[in-house]
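One chain comes next, on its own, written as structure tokens: the form predicted alone.
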């Protein structure tokens, strides 16, 4: 029997997304963000996480979605990357769930390539679909994404 994988799940707009829990450092409420001039549009700014400077990426903008309403405070999913921690700003945090690799499917080719590249695949759940985020690609923000 294949081993299950745990995912930290969250919502961005009406999307149900998840990241392998082993990549998640922590989940935190909104913090003060310092803007960075000339940063790519998906980079909201920098946060001071207990003395560690962390880049905050707005996952809505990264996925090409509409902006979050100003009255909705984002949550931060802080993930460990090769170059240190990065915060992915999301709308809300859901649960940690276990997924079975037999329920995994590749992202259909019909999905917009810019979004498909950010997804590792899709898990079929009893309650719907979980979009598995390709964490390394989601945090790889370059001037090409401005």
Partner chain sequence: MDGVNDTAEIVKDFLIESLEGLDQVDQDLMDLEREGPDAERIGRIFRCVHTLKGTCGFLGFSVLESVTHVGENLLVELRDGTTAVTPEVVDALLALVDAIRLMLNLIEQTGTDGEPTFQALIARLTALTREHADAHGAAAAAAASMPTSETAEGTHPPIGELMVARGDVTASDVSAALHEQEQSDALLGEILVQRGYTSPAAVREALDVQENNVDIKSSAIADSSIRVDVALLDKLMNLVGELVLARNQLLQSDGRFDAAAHTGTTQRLNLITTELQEGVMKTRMQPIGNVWNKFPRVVRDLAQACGKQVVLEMAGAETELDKTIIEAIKDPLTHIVRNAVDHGVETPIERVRHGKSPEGRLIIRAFHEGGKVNIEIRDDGRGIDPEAIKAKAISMGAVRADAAAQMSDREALHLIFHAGLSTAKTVTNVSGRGVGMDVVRTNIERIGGSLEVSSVVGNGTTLRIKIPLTLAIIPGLIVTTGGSRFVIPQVNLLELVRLEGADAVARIERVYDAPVLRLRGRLLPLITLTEALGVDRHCGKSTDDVTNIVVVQAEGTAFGVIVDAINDTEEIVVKPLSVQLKGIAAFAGATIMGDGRVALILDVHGLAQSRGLLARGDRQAESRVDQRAQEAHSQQLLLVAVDDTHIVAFPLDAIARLEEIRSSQIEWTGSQEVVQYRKRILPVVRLDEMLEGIIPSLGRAESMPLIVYEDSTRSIGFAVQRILDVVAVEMDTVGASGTGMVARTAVIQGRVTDVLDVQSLLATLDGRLPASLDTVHHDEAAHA
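What you see is a predicted model, and the numbers here were worked out from it, not measured in a lab. Residue numbers count along the first chain shown, from 1.
One more form of this protein should be noted, the form predicted together with its partner chain, which is absent from this view; the next part is about it.
Undergrad: The chain here is shown without its partner chain. Which stretch in 47-55, 113-121, 89-97, 66-74 comes within 4.5 angstroms of it in the model of the complex, by heavy atom distance?
TA: In short, 47-55.
Undergrad: Looking at its partner chain in the model of the complex, is some heavy atom of each of 19, 129 and 132 within 4.5 Å of it?
TA: Checked in the model of the complex: no contact with its partner chain for any of the three.
Undergrad: Can residue 34 be called a contact residue for its partner chain in the model of the complex at 4.5 Å between heavy atoms?
TA: Close contact exists here: in the model of the complex, residue 34 approaches its partner chain to within 4.5 Å, heavy atoms only.
Undergrad: Decide whether residue 107 counts as a contact residue for its partner chain in the model of the complex under a heavy atom distance cut-off of 4.5 Å.
TA: Close contact is absent here: in the model of the complex, residue 107 is far from its partner chain, nothing within 4.5 Å, heavy atoms only.
Undergrad: Verify the contact flag for residue 78: yes if a non-hydrogen atom of it lies within 4.5 Å of a non-hydrogen atom of its partner chain in the model of the complex, no if not.
TA: No, residue 78 is distant from the partner.
Undergrad: Taking heavy atoms and a 4.5 Å cut-off, does residue 8 contact its partner chain in the model of the complex?
TA: No - in the model of the complex, heavy atoms of residue 8 and its partner chain never come within 4.5 Å of each other.
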